[in-house]
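A single chain comes next, written as C-alpha cells; it is the form predicted on its own.
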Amino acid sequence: MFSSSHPPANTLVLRDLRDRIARIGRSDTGREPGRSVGLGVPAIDQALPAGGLALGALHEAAGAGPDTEQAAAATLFVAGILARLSGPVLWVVQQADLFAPGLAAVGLHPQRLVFAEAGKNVLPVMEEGLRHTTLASVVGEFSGRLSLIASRRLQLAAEQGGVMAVLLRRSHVFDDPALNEPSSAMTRWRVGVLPSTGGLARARWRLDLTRCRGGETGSWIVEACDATGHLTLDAAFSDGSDQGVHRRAG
C-alpha cells in the first residue's frame, strides 16, 4: 500500500483559484448594501422586491423544455444581467464546454471572466470565490441534486461577501423534480426558447420566475438579450400590460 503526499484535487483547484483572483487586484465594483441589478423591463423589475436581482444573494436559473440539459438560453440570460455589472466574474464549470464568444455577444466580454473547471467541486469552488469581494459575481454550472444545506451555504457566503451568486442548473430531464426542490435562493428562473418571428428578429424567450422571496412569481415573453445584455418585452406585451401573464405572491 502506497501513500501520497500530493494534495487532493479540490485543494489544488482552490489554491489555483486563490492565486488567480489575487492577481486581479482590488477593483471598485460599485456595490452598496442592498443594491440590485434590474433586468431593464419594468413589468419584471416591479415583481422583484429590490427592483431587480439583489446583489449579495443567491439566484438560480435553468433552461426549460429541450434546452434544460444545455441551458443555453439560461446562460445567456445570466450573462446579459452580469454584463451590466462592473468587475470580474468567476465562472465555474463542471467541464470545459462553455462557448465564451456567446457570452461576449450579450455584453459579457472574455477579459472580465475568470474560468475554473471544477468537475464535482463546483459548490466549494463557488464558496471560495464568494469570499473575494474583488469579484462582481460568481456563477456555477451545476447538475444533480442541490441540498438545502448547500444552498444555504452559498446564500450565506454571498451575503457575507456582498457578491452575487448564480447557480445555472442543468439536467438531462426537462421536468426533473430536483430543479423544484426547496432552496435558499432569492429567485429561481426557468428560461424557455420560443419560436422566432422570422427574419433578423431577436430570439424570443419565456421567462418563468418560479420563486421570488418577498416578491411575486410570474411569466413574461421577452426578446433575448441584445449586445449590451438588455432584454425587451415582447411586442405582444409592449403596450405596458401583462395580460395573460400569471403572477402571484412569492
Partner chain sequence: MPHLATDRIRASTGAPDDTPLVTASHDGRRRVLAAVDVTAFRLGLHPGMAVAQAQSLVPGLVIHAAALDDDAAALRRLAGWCLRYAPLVAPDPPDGVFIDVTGAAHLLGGESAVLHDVLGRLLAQNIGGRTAIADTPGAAHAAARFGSRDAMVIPVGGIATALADFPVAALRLDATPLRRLGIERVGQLTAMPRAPLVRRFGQHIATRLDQALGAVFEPIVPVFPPELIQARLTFIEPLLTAEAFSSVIGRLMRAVCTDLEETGQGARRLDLLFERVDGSVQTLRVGSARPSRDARHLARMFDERLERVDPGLGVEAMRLTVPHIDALAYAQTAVRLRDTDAREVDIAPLIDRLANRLGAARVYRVAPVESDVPERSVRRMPPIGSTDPGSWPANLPRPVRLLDPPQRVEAMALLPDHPPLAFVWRRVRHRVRHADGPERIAGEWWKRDGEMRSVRDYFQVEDEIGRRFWLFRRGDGQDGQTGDMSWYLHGFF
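Numbering follows the first chain given and starts at 1. These numbers were taken from a predicted model, which means no experiment stands behind them.
Below: the form predicted together with its partner chain, not depicted.
Comment: its partner chain is not present in this chain, but in the predicted complex one of Leu168, Leu154, Ala83, Leu179 has a heavy atom within 4.5 Å of it, namely Leu168. Judged by heavy atoms within 4.5 Å of its partner chain in the predicted complex, the contact stretch among the candidates 211 to 219, 61 to 69, 47 to 55, 183 to 191 is 61 to 69. Remark: Ala96 counts among the residues lining its partner chain in the predicted complex, judged by a heavy atom distance of 4.5 Å or less. When contacts are judged by a 4.5 Å heavy atom cut-off, Val173 does not count as touching its partner chain in the predicted complex. Remark: Glu159 does not count among the residues lining its partner chain in the predicted complex, judged by a heavy atom distance of 4.5 Å or less. Under a 4.5 angstroms non-hydrogen atom cutoff, its partner chain in the predicted complex lacks Ser143 among its neighbouring residues. Heavy atoms closer than or equal to 4.5 Å to its partner chain in the predicted complex belong, across 125 to 146, to the residues Val125, Glu128, Gly129, Arg131, His132, Thr134, Leu135, Ala136, Glu141, ordered by sequence position.
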